[in-house]
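A lone chain, given as structure tokens: the form predicted alone.
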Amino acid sequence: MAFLEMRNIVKSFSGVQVLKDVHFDLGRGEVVALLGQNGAGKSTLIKILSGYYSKDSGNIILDGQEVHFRSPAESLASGIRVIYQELEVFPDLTVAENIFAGSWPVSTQGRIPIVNRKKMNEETRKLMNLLGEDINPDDLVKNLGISEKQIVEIARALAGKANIIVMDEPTAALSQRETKRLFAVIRRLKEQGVGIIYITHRLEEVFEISDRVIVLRDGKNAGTFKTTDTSWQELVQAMIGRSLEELYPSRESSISLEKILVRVEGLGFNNFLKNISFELHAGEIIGFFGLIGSGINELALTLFGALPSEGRVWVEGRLTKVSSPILTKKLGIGFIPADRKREGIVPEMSVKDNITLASLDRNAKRGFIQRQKETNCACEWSDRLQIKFSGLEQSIKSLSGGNQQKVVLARWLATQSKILVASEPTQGVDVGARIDIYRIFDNLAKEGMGIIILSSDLPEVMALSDTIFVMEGGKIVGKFSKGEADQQRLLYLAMGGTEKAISHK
């Protein structure tokens, strides 16, 4: 029998039904991946489970008993804990203080209760041993890495007697090594009988860590799969109603060899970039593939002028120095940063203001913004990129990740950029939005734009790029045309292997 069952869950907002008879179940010591595009209903379902929303109808059965959560406190008291992508820790408190926040053990000396730090630290060490970790209870949380902060949150959940832990995009900001560390902790949680609801956009993680997969689409169940008996293709088709073959566009080369948009020679930045050289033609998509720490992020920032650099850069045949974003914008270079939330959008501003932010000069006359012209610009690009929102004045922070990314792209297209530098362009974006972004890139290349994609997503780079560069240790360690690129070879080079070693295999 399932430890948790959610049966026929229905939820509406302002007359719009967002969950339609949804079923979800979870066993003790089981990891169930909850998949679906943004807007599929995942967040609403979890907020009902955690007591933030009330359900309109349906039943929640926990350990054989029907429960009704009227607040997050009631959900917490029932042993349910949600660990969000934005970690909820107290940076200036110690590890032990974070784990037992709100329920610090006390001892009484005379009539005055004081925190029993010895007991708190002992209990913290027991929890860390349970998780296979060795984090010092006295360390300040602000000095920990992201993966260690996650482990502190997991330990806090266990200290609160959690039987069910929901993890929302837990590896979004983790390196591969940190991800493996987290998975080791999850496996230990399974051994303790804790059920895990795992929400992610990364399908490869689903196959590594989950036992079953439940897919939602348009607020309804779209399939339940045993992980060992399913495939990427089946999951993608369940999420988007289309086959995996439709994920990447069937690209035909649109390169104009006689028109070089960018030529780079010997580009460097401290020890992060070393002697980077390449050419970008009109209509060409160049892909730079590398793992975390390879230098692809620094290269993106350098090409946009956000980092100081050495070397020579020609833009449309003119020798220039990409010394600042202001200059690169004037040169017709647009930029999609890897960290959309911190560097891409202005969350408190509207969709319209975010789209027109880089093109105010085009929408102004004698120093005054022409509001109608600005609105027309935002309308044009939101229509062309099929951005989904309720109105131009809607706050951008309320949009899905994919639509936020389209807004960032629209911002630079509105400046008439000829060159686009896109760093991790589909990070944190659902499958449906990925298809849209890939199609947009393909169309832009056909129109003569030059695009530089810098990504740690190997299938993405291989599918979209006319030319692929592999980076490792701040250097280019391989160059391949689309036809000769091999996934194993590229990954081997990105992990520090050599072409010489490949040739001897």
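From 1 onward, residues are counted along the sequence shown. The structure presented is a predicted model; accordingly, all values stated were derived computationally and were not measured.
What comes next is about the form predicted in complex with adenosine-5'-diphosphate (ADP), which is not displayed.
- Although the partner is absent here, Ala40 lies within 4.5 Å of adenosine-5'-diphosphate (ADP) in the model of the complex, judged by heavy atoms.
- Heavy atoms of Thr44 reach within 4.5 Å of adenosine-5'-diphosphate (ADP) in the model of the complex, making it an interface residue.
- Taking the partner from elsewhere, Val18 is found to have a heavy atom lying within 4.5 Å of adenosine-5'-diphosphate (ADP) in the model of the complex.
- With a 4.5 Å cutoff on heavy atoms, Tyr53 counts as touching adenosine-5'-diphosphate (ADP) in the model of the complex.
- Three angstroms is the minimum change: in the model of the complex, the CA atoms of Thr200 and Gly295 sit closer than in this structure, by 3 Å or more.
- Expansion of the Ser398-Ile48 CA spacing by 3 Å or more is recorded in the model of the complex, set against this form.
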